[in-house]
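Below you will find one chain, with nothing else, as structure tokens; this is the form predicted alone, and questions on how it binds or moves follow later.
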């Protein structure tokens, strides 16, 4: 099991975190986050035994699961294929030089929720998913850079990682129709990662990972919403709120210097009026909550099983925990006590609202935390289980993995 007892509390209390090499969250955010890489040996040893390569390849064969295959010396250099794949695909491939990648494995492997809670020093809305790659010896996706932060955590096997310089759109690239591969990467860092080792790579930093032997690598990726998209949400909310009711007005204006001129004081007046609309503190929560809580895959629909309060109590008596649906995105607004999920407001009864901070404290809700829950909370959770938004899973028993 990947769970470290009290992991969310450790992050929020700014205690030394072993999986960050003993750094406190504040120290990591100050010195490393979006600044420079960090290597931590044996950060997550349990990842070496969590997932077998064959299990990952079976996910890559599944409809509606996002997967890719990159063959360095395929029909073309760095051949890219999109899944799902047929089960015979793998035995037709060479013994070296290819990588299979499966996106959002945390949606299908509940223990990865425990892994993500170790990054609770970042808000959940900033975390994207856990991609897992399987590579044969020499397998790689090429030298590249990402526009988001990523924690690379080694599962079984070994992978050699080389890091280069910060890149941008002007960085020379290899000619390729679909992959953005760097043409020449100076090596500033060169280390082999073994099971459980962690490497943090900030945005824009060139990196190149090559499998030393058959291996799995977990990539915890972070969301970086384009500011233009955020602005669109804000503008849409402003227009929805004000519509065409308010017109430009300029009482007390001065005589223009020229009849055809758009003068600086006119522009300043327009700017002042618009900024008044944008100055509403509540505007941004209303505008961004639906967007930031949208599910990663828009057509996602959870599936649950009928559950009553007695069923939930029986599950708790059997030592089960509850896990928030990993494929749904959850966003809580403390100021308005509003819960958003998959782009919509969740109807939370008033008597349950007081429990929301405890229910959402981590992705896993230990069964022991519900022993004293009032009936209204248990009834609401039973309904949530029926709808597929909470999943009964094997209990943590308070043990670290």
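These numbers come from a predicted model, not from an experiment. Numbering follows the first chain given and starts at 1.
Unshown form predicted together with a small molecule; subsequent notes refer to it.
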Determine which one of 75-83, 252-260, 176-184, 136-144 lies within 4.5 Å of the small molecule in the predicted bound form, judging by heavy atom distances; exactly one does. 136-144
Ok, 107, 118, 324, 207: which has a heavy atom sitting within 4.5 Å of the small molecule in the predicted bound form? 207
Ok, 237, 99, 103, 293: which has a heavy atom sitting within 4.5 Å of the small molecule in the predicted bound form? 99
Any chance 286, 338 and 346 all have a heavy atom within 4.5 Å of the small molecule in the predicted bound form? no
Please run the contact check for residue 152 against the small molecule in the predicted bound form: heavy atoms, 4.5 angstroms, yes or no? yes
I'd like to know if residue 200 sits close to the small molecule in the predicted bound form, meaning any non-hydrogen atom pair within 4.5 angstroms. no
With heavy atoms only and a cut-off of 4.5 Å, decide whether residue 329 touches the small molecule in the predicted bound form. no
Does residue 163 make contact with the small molecule in the predicted bound form, using a 4.5 Å heavy atom cut-off? no
